[in-house]
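Have a look below at one chain only, the form predicted alone, in structure tokens format.
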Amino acid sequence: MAAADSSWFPALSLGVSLFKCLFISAYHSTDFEVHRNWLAITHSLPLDRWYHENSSEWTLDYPPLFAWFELALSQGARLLHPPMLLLSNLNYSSPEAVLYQRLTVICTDLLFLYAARECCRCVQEQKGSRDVLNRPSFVLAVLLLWNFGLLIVDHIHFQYNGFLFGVLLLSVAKHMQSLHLQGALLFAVLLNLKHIFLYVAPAYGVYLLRSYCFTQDNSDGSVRWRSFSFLRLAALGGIVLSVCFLSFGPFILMGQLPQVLSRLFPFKRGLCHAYWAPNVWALYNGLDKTLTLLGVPPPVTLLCTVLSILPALVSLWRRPRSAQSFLRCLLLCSLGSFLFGWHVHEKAVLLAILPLSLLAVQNREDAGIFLLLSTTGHYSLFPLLFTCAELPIKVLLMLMFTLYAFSALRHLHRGPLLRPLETLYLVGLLLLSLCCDVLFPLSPWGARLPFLPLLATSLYCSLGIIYCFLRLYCSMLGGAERPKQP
């Protein structure tokens, strides 16, 4: 456990919260209107119309628990600025509406701050470490609270990922503290807030079944089948079913479950998001531009995803008692789903970057993977902020975070963390950024081929993320549970 002296954490939290306020008047994406419209839907319409309303293209497509969350936020909007709750006010972004919605993101991030502190408590400190700035818990706090991806996606682009990742990290922390029922409850709540976290549900299922429902192992580490506890399974099942019923129950009773599910899983949207996430299908589509390849239906992506995470699940079953094994399996499930899933959003890479921070401050091998994955994954988010005014902001923010991560982790593990080819790959990212953000707009192709920088970013970053996925697999299957070097 981390040292009891964490008096620095409130100051760090306050600093990042005030820093977020600087972006209140910055550019915001169409996701701002998405959430404003959801506020209007949940406030203005009866429950049975929430998942049928389609007067705007931004229909409600999150699970019901998030809709209840939007309904709660709408109560503040009703008191402070009612016009933003009118369904007819499409693309409404008055200064009052912007201020209110920006502040809701900052305020709900308080859960993320609390989750980060709980994760810091789970980190083992160096013996004799007196310098606060070089403690693993402090480095982890900075990597989480000042994460570049969360700052630009939530507080410029606009979303509520900090709140959602707060629930995830708090769940992970509870499992690391052996509070498995609390961790299961939090994850059940998370699934009913945003269904993208189904990506990591297999890791939770295997870990809880093997480590909680089976209470004993044989001397060789294999499962002792007679130790299975039906009482513990019933407790887990009761928690999950209770949360799901509270979330979906009203819609089930109204006979609207098929309509809700059709909104949550719109398979007609296509293999890739409009902005190609840097994954296997980006490479496939890149090849398809020159070679005529077969179309990829949803069942194929599901099969590829299952096959990509199956070895990690088997490994977790064989070594279930280690919280680090669970965390590595969670990372592989998130990356496997990101690389092979259907219609993956580019922002889903944060589902791997944030949890990997916990391992990066404890294990030298994981620290190197984190530096490569975070740098590549964060750079792949650059196209989200495409206006000229935000170019220096995103460049400076990423440089600050990346330089700190390299410096702090190098000092923590006492030496370089990247291999020569990995360093060369990151140098390539610098050249790619120079070409895409500076040279290409000034070239004759800037107006004729506006999609080219986006294509190049997706293809190049996909190579780095695939490499990190393979390195994480080698780490897990090779039994790399090595502690940080003293």
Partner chain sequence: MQTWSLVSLCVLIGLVVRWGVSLNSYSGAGKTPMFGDYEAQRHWQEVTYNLPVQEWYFNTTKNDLNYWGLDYPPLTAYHSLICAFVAKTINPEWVDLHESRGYESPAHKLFMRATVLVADLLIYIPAVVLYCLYLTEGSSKKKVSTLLCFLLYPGLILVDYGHFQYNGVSLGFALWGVLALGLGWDALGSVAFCLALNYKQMELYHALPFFCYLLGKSVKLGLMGRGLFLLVRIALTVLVTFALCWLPFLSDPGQAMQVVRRIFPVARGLFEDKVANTWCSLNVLMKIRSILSSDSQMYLSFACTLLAVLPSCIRLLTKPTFWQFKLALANSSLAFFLFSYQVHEKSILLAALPACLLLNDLPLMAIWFLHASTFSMLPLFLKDGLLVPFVVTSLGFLYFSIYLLSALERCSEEELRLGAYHKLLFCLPKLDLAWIVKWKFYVSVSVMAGLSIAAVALAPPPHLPDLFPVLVSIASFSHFLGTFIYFNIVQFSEPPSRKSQKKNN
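Model, not experiment: these values are computed from the prediction. Positions refer to the first chain, counted from 1.
From this point on, the text means the form predicted together with its partner chain, which you will not see here.
Put simply, of Leu231, Leu79, Leu294, Ala389 only one has a heavy atom within 4.5 Å of its partner chain in the model of the complex, and it is Ala389. Of the residues Leu477, Leu14, Leu470, Leu463, just one reaches its partner chain in the model of the complex with a heavy atom at 4.5 Å or closer; this is Leu14. When contacts are defined as a non-hydrogen atom within 4.5 Å, all of Phe23, Ile393 and His411 contact its partner chain in the model of the complex. With its partner chain omitted here, the record of contacts in the model of the complex names 393-401 of 393-401, 253-261, 223-231, 344-352, defined by a heavy atom within 4.5 Å. At a distance threshold of 4.5 angstroms between non-hydrogen atoms, Leu133 is in contact with its partner chain in the model of the complex.
In the model of the complex, no heavy atom of Ser93 sits within 4.5 Å of its partner chain. At a distance threshold of 4.5 angstroms between non-hydrogen atoms, Ser322 is out of contact with its partner chain in the model of the complex. The closest non-hydrogen atom of Gln124 lies beyond 4.5 Å of its partner chain in the model of the complex.
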